[in-house]
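Before any questions on binding or motion, here is one chain by itself as structure tokens, the form predicted alone.
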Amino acid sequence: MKNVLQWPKYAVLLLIAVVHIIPFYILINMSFKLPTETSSKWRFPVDASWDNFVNAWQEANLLRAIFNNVFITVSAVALVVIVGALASYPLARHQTRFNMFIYTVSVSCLIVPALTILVPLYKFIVDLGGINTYWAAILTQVTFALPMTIFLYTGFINTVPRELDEAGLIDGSSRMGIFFRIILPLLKPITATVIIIMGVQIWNDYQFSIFFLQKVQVQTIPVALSQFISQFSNQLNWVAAGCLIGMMPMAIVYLCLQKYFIKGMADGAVKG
């Protein structure tokens, strides 16, 4: 009787799994089909080929694009983790009116659509001479990633006992010493969560990269692959192959950090 009552739960889980698997099936299927094959996207390729991967790699200069993605993502995520953790510690430990106001303003930025400020931001970057530069792309990503980062870190630090701070003060440590020697090591689960969430967001960014990184030498993977789709022609098979190549680095990072991911999300978001 108990198993009978649980079948709707398994049916829902199966449906969710199928919905998530279908895009990957189509992506892999398309990446191995030759452009001359016009069969349905649901059918297996008649002559599976690696040519799409070779063409996407060469025509989109994916080696250079992957380097650009790695440099921008690693730099931006490192800054987000350092600035976000440092900003969240006093916001969580000293909940004064001013700190609550700062926290509320920071979290409120989450509901501001990035596209609403794209034009003034573009003009600002042009005035600073930041078009086609790494620093402009990195600082833009950091700015838009900080609100969620502060939200997660503040919620997690609230779960860390304040007695640890008091013990550190009794031992003669400064506030910065307490943060770096006691608090920061305890933030490993939420740091892993921030790295995964913000890393994926920055790695896949297209809306800012297409405006700020226009030269081929600084283009990221999404921008480099967009050249295969135009008004008069498209190479969807090359795009599919390029997407599979481009997703590999982040998939490896996720597999390495997945054991911390769920714990960090639960402690940082739910308890916060």
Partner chain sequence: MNRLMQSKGLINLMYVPAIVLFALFIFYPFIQGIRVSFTDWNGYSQTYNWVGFDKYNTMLHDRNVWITVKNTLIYGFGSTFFQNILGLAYALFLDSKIRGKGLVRTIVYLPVIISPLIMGYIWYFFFQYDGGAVNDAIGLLGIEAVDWLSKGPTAVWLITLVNTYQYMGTAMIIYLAGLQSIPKDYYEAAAIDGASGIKKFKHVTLPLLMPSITINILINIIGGLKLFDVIVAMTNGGPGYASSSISTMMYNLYFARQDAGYAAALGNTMFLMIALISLLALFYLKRKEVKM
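In this text, rigid core is short for the largest set of C-alphas that superpose within 1.5 Å between two forms. Numbering follows the first chain given and starts at 1. Bear in mind that the values here come from a model prediction, so they are computed numbers and not experimental data.
The next section is about a form of this same protein that is not shown, the form predicted together with the partner chain.
Chemist: Would you classify Arg64 as touching the partner chain in the predicted complex, given a 4.5 Å non-hydrogen atom cut-off?
Modeler: No - in the predicted complex, heavy atoms of Arg64 and the partner chain never come within 4.5 Å of each other.
Chemist: Residue-level question: is Ile210 within 4.5 Å of the partner chain in the predicted complex, judged on heavy atoms?
Modeler: Contact check for Ile210: yes, within 4.5 Å of the partner chain in the predicted complex.
Chemist: Although the partner chain is absent from this view, report whether Gly155 comes within 4.5 Å of it in the predicted complex, heavy atoms only.
Modeler: Taking the distances in the predicted complex, the answer for Gly155 is no, it never comes within 4.5 Å of the partner chain.
Chemist: At the 4.5 Å heavy atom threshold, is Ile150 in contact with the partner chain in the predicted complex?
Modeler: Contact check for Ile150: yes, within 4.5 Å of the partner chain in the predicted complex.
Chemist: Could you check which residue among Val54, Val216, Leu27, Leu34 gets a heavy atom within 4.5 Å of the partner chain in the predicted complex?
Modeler: Exactly one listed residue reaches within 4.5 Å, namely Leu27.
Chemist: Which residues, if any, of 83 to 118 lie within 4.5 Å of the partner chain in the predicted complex when only heavy atoms count?
Modeler: Residues within 4.5 Å: Val83, Leu86, Ala87, Tyr89, Pro90, Leu91, His94, Phe98, Asn99, Ile102, Val105, Ser106, Cys109, Leu110, Ile111, Val112, Pro113, Leu115, Thr116, Ile117, Leu118.
Chemist: Against the rigid core, is the Cα displacement of Ile28 between the shown form and the other one at least 2 Å?
Modeler: After core superposition, the displacement of the Ile28 C-alpha between the shown form and the other one reaches the 2 Å mark, so yes.
Chemist: With the core lined up, does the C-alpha of Leu244 move 2 Å or more between the shown form and the other one?
Modeler: Yes, the C-alpha moves 2 Å or more.
Chemist: Relative to what's shown here, the Cα pair Phe232 and Val216 differs by 3 Å or more in the predicted complex. Does it come closer or drift farther?
Modeler: Closer: Phe232 and Val216 approach by 3 Å or more in the predicted complex.
Chemist: Do Phe232 and Val218 have their C-alpha atoms closer or farther apart in the predicted complex than here, with the shift being 3 angstroms or more?
Modeler: Relative to the shown form, the pair is closer.
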